[in-house]
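Before any questions on how it binds or moves, here is one chain, the form predicted on its own, in structure tokens.
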């Protein structure tokens, strides 16, 4: 039994229940779990750890690739299992624990976690828990629908627990390209010259003696929670496509564009969906996650190759991907996230980075993470890896939220994740502002007129005109710069009752 999944006979002795494997954990340990944007995450061990915590206190530092699925983050947080968490999450229950101060959250660029673990800047991984399709005769782990940080966790952990997921088809084997950089300072270049190039192995190498337990599961990934396109996201997509058409016409890139990256979520997914009706052909993606829109572009023939660290799909698109895996596998590659997001590779390939902003200000600074400057939403994810190092950094957002009570374009962002130096283009449903080559005083009027909701433009113009009277390279009225946020905090509505 399971010989097609556990191909090293001696490892059959390591089979145990999730509850038995959970006894290997001790309070204070640092645990690395597979999982990246709700894909390829461990299914059984999180639940077993929650169950164990009901009998005795168990607090862990939990490190992943990105967000976990199956409500695992929230269940573990509510049970008190998670004391510290990094580098990204998207669970409402965990978010509440983070913002109440009960869980210490370390928000990191997704390319940096494995690097900091390797260099010893972070506490090493005590136990790695990795979901797999199979274990090869030499002990290699075949990942499922994501790689994330799994390869680094396995490389560094004292013990490894493998969850063999029977719902993951064996045909996933060969989809992955596992390459890890050497330690600094004597590291060679990452030999990645094109998005379709393979530079590593198809499995995560592992000394089988370090496998402490093998747990059998049969549970699918959680489906994507991205919403379908709407009128506003369709408008954003049209602005982006028109801009890229202009870049081609100007001779700055060919009709195949430069490799594309798109962050996780509804708006970025919708913008890529809009490319299905665009004139571009032979596109490539070098991204961190593939969503439904990537498969739509593969199906339309416009996307030639898609490289990422994770595949996160709606239920219907996931079923289609599995049914037609033999067709997709020729054009899809999954890599460790420190390769998919590596600044060296992103800069070399010249990525067009498309990411989502919570808010941006009149000078082009972007807040991706903190509501009202204080409350964590999800995390910076990989947006910074691509924004700072890509050839083009595009941030998109709907111009207003909460029925118009919140403006996404503000005088000053309440928290800065991406400074004006890392932002080239801003887009809302109202228009697009190309900020390249513009000084702050030139950026502000353009952002206000092109991107802001019309209901907020008079107040933004008034703020900018008053700021100009104060002078400065980047004019501000400091005592009013965050007044929009405090007004929303106090009244539930950013809209001013009088002009500024």
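Positions refer to the first chain, counted from 1. The model shown is predicted, which means the values in this text are computed figures rather than measured ones.
Although not depicted, the form predicted in complex with another copy of the chain is the subject of the following passage.
Options 186-194, 296-304, 134-142, 158-166; stretch whose heavy atom lies within 4.5 Å of another copy of the chain in the predicted bound form: Correct option: 186-194.
Within 4.5 Å of another copy of the chain in the predicted bound form, all of 32, 80 and 491 (non-hydrogen atom): Contact check failed for every one of 32, 80 and 491.
Answer option from 265, 274, 74, 384, heavy atom within 4.5 Å of another copy of the chain in the predicted bound form: By the 4.5 Å criterion, the partner-contacting residue is 384.
Contacting member of 212, 248, 235, 106, with respect to another copy of the chain in the predicted bound form [4.5 Å, heavy atom]: None of the others qualify; the residue that does is 106.
In the predicted bound form, residue 121 touching another copy of the chain (heavy atom, 4.5 Å): Heavy-atom contact with another copy of the chain at 4.5 Å: present for residue 121.
Non-hydrogen atom contact residue 441 with another copy of the chain in the predicted bound form at 4.5 angstroms: Contact check for residue 441: yes, within 4.5 Å of another copy of the chain in the predicted bound form.
Contact of residue 404 with another copy of the chain in the predicted bound form (heavy atom, 4.5 Å): Flag for residue 404 set to no.
Exercise: residue 19 in contact with another copy of the chain in the predicted bound form, heavy atom 4.5 Å: Heavy-atom contact with another copy of the chain at 4.5 Å: absent for residue 19.
Any residue of 202-238 that, in the predicted bound form, places a heavy atom within 4.5 Å of another copy of the chain: If the 4.5 Å heavy-atom criterion is applied to another copy of the chain in the predicted bound form, 202-238 yields nothing.
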